[in-house]
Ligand SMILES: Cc1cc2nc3c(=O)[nH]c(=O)nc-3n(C[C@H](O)[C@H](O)[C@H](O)COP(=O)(O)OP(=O)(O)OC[C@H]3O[C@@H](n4cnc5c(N)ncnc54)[C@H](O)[C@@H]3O)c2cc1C
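The data below hold one chain only, encoded as structure tokens and taken in the form predicted alone.
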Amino acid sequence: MPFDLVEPSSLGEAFKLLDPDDPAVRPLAGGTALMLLMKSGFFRPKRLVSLRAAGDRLARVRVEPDGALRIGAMVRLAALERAPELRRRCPVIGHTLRTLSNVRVRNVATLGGHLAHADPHSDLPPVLIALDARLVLAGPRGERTVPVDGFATGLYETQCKGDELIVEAIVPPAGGKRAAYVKCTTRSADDWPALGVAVAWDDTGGIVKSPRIVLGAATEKPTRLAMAESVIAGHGLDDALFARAGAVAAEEAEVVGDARGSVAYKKQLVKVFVGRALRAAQARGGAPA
């Protein structure tokens, strides 16, 4: 079926070309997921609005005066992986990107597309939630900022309205934060994970403050594990606490079974990999490399 491919030169033009009342009109970022949907016949577009030339703001990584990172939605994942600002200030994102899909996909896929697709198996959303990152959404009515935590509202569903676009992600200054992401893939190393766990906390003299433990892939959307977080908050970590947090996380997590593992199997993965993620973050030290 034929369709129109348009390439606006600004966000303002892009908003005019989108149609919130027509699901066959969609924005196009990297297209790695969209092209698969089109090839399978699941999605038949009437118009694709390419964001490739919609402004420099979408394609750059910059550091704010307070040390926060602003990452444009059209920054390709491979470029983000190599960005010196990211390596210095938030290496956990770079570490995560090294095992996200494969280099061919990372050379095309963009940060905004990765987040907007809202596939529960995506690697970056749990990491960004653990880092307390926010997204800047823009549309004809202006801009608004929302936490990455809660941006995905369900399977392939987000808070983004039909005429809104992700413009930037904002990652707060890392300071002395410890963070890590670990995952389990049951097939090839670059396959969607069966489970991913991101953790982060502020380290105060070896004591855990403001911890975040976020589960992905095994749930319908990235999910914080508040009970497991409470287990480690205010304590110094050791092997016993790693095990306790993993056990509580496995009880708390509402996992779903799929082709990559049953509910029972994924519960066991949660129990093991929460401890591994905490251990990895403790060993890695503060976020700045």
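The first residue of the sequence shown is number 1, and the count goes up from there. Here the structure is a predicted model, which means the values were calculated and not measured.
Omitted here: the form predicted in complex with the named molecule. The next part is about that form.
Can you say which of 200 to 208, 160 to 168, 213 to 221, 82 to 90 gets within 4.5 Å of the named molecule in the model of the complex, counting heavy atoms only? Partner-contacting stretch among the options: 160 to 168.
Report task. Using heavy atoms and a 4.5 Å cut-off, decide whether 98, 180 and 196 all contact the named molecule in the model of the complex. Result -> No, the candidate spot makes no contact with the named molecule.
| query | Taking heavy atoms and a 4.5 Å cut-off, does residue 132 contact the named molecule in the model of the complex? | reply | Residue-level check for residue 132: no, no contact with the named molecule.
Does the named molecule come within 4.5 Å of any heavy atom of residue 250 in the model of the complex? Residue 250: no, not in contact with the named molecule in the model of the complex.
Could you tell me if residue 33 has a non-hydrogen atom within 4.5 Å of the named molecule in the model of the complex? Yes - in the model of the complex, heavy atoms of residue 33 and the named molecule come within 4.5 Å of each other.
Discussion item. Just checking whether residue 245 would be counted as a contact of the named molecule in the model of the complex - the rule being heavy atoms within 4.5 angstroms.
Written reply: Result no; residue 245 lies far from the named molecule in the model of the complex.
Quick one: of 184, 109, 174, 148, which gets a non-hydrogen atom within 4.5 angstroms of the named molecule in the model of the complex?
-> None of the other options qualify; the answer is 109.
Only counting heavy atoms and a 4.5 Å limit, does any residue of 117 to 145 reach the named molecule in the model of the complex, and if so which ones? Contacting residues: 117, 121, 122, 123.
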